[in-house]
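Quick heads-up: it's one chain on its own, the form predicted alone, in C-alpha cells.
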C-alpha cells in the first residue's frame, strides 16, 4: 500500500546535486498553510505565503514485522523518515527506542487507572533532542553542509555538539548566556565552538536565522533544515504505539516549547493509522507549559486563535520559547482532539520533579517537572479523564537542572557515626 501524507501530489523533486534516495521516500517540501510544494533542499519557508514547510512523502507498504526486525533505535522507522536506506552506515548517536515504563506508583498517587512514562532521558545526551538532531544531521550531510549549528535552550545544544563530534563535522552552538551551568558544560565538552549570547532564546534564534541567511554551507538544525529535524519527533509516537503492542493510547501529555514535538507526535499517530499499522481511535492530546512562559496555554485558556508572544521568566528554560513556531498548530490539535493546554508555576514544576522521582525513580529536568505538574493539574481540574489510559513524556534528565531542586531536597539529618545517633534521629 502506498500513501501520500498530505493533500497534494507531486513527482519526486530534488536538487540535481542530491544523490538518489538521499531522503528516502520524501518527495518534496509542502507548505502547511497554502499547500504549495517545493523541491527538497535546505528550505523552511514557503516562497508563496511564507508559511512553514514540512516533508511530503510517498510511503511504500510498511509492515510491523519489517519495523520490529530493525535496529533498537529510531532507524527501525527509517522508511517513514527523510533519511537514506543506508542511514545506519553514517556515524551518528543512534538515539531512540527508549523505555516506556508503566508508572503504577505515580498513577496511584494521582488517581489514574493506567499511566505510562515515555522516558527519553536515557538517550545518548539525556534528552529527546538526540532524535531530531539525528534526522537533521542526515539532511546536513546529504546537502554537503560544512557547519552543523543551532540556537538552543540547552538540550539541543548538547545533542548537536555531540552528534557533530561523532560525525566529524564542525559544530557551532548558540545559547542564552544565562543558561544552567550543567547544560553549558554538557555542550562545551563536545565542541570548542559554544557561543553564549546576551539575550533570551528568541534573541538567539533571531541571530541564528540571520547567520543562516548570510553564510553558505551552514545547516542550522532548527532553522534552515527544520523540516527534516522536526520529523525526528515522530519517532516518539511510533515507539509509544509499538511498545503498547501496536495500539494508540487514549490520551497523552506533552511539554510545549516550540510546539513541534506535540504536532509531530500527532502526525505520527495519523501516519500509523493511514499505513494500517494501528487501529484508528480517538487520542486526546494535552500540552504542558510553565506559567512563566505560557503563550500557548494563555491562548487556549482565552479562546484565542493566535498565540501572543511572551518574554520568558521561568526555571523551565528548555521550554522558554516566548514566540513558539508551532504554537497555533498545537492549539488546533489540542482543541480538535478534545485535549487542552495548561500551565503551572515554577514551585509546581519543582514539586513535579520530586513527585516523579519519589514515585517512579525517574529524575527529570524542569521540562519533565512541568509535564508531571500539568498532568496533576489536569486530573485535579477534571480536564483529563482518570479512567483512560494515559502516556506522559519525560524529555530530559534531572542532572541537567540540579539548581531547580537543590534547595528543595537534601539530607534529612546530619548525625555522628554512632548507632545511638542514628536511633536518636528517629529514622528507623
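Residue numbers count along the first chain shown, from 1. Keep in mind that this is a model prediction, so the values were computed, not measured.
There is another form of the same protein, the form predicted in complex with a small molecule; it is not shown, and what comes next is about it.
- Mapping the unseen interface onto this chain, residue 258 counts among the residues with a heavy atom inside 4.5 Å of the small molecule in the predicted complex.
- At the 4.5 Å threshold, heavy atoms of residue 319 reach the small molecule in the predicted complex.
- Heavy atoms of residue 235 never reach within 4.5 Å of the small molecule in the predicted complex, leaving it off the interface.
- Using a 4.5 angstroms limit between non-hydrogen atoms, residue 396 touches the small molecule in the predicted complex.
- Of the residues given (153, 205, 224, 187), 153 alone sits with a heavy atom within 4.5 Å of the small molecule in the predicted complex.
- With the partner omitted here, the stretch from 349-357, 305-313, 124-132, 278-286 that lies within 4.5 Å of the small molecule by heavy atoms in the predicted complex is 124-132.
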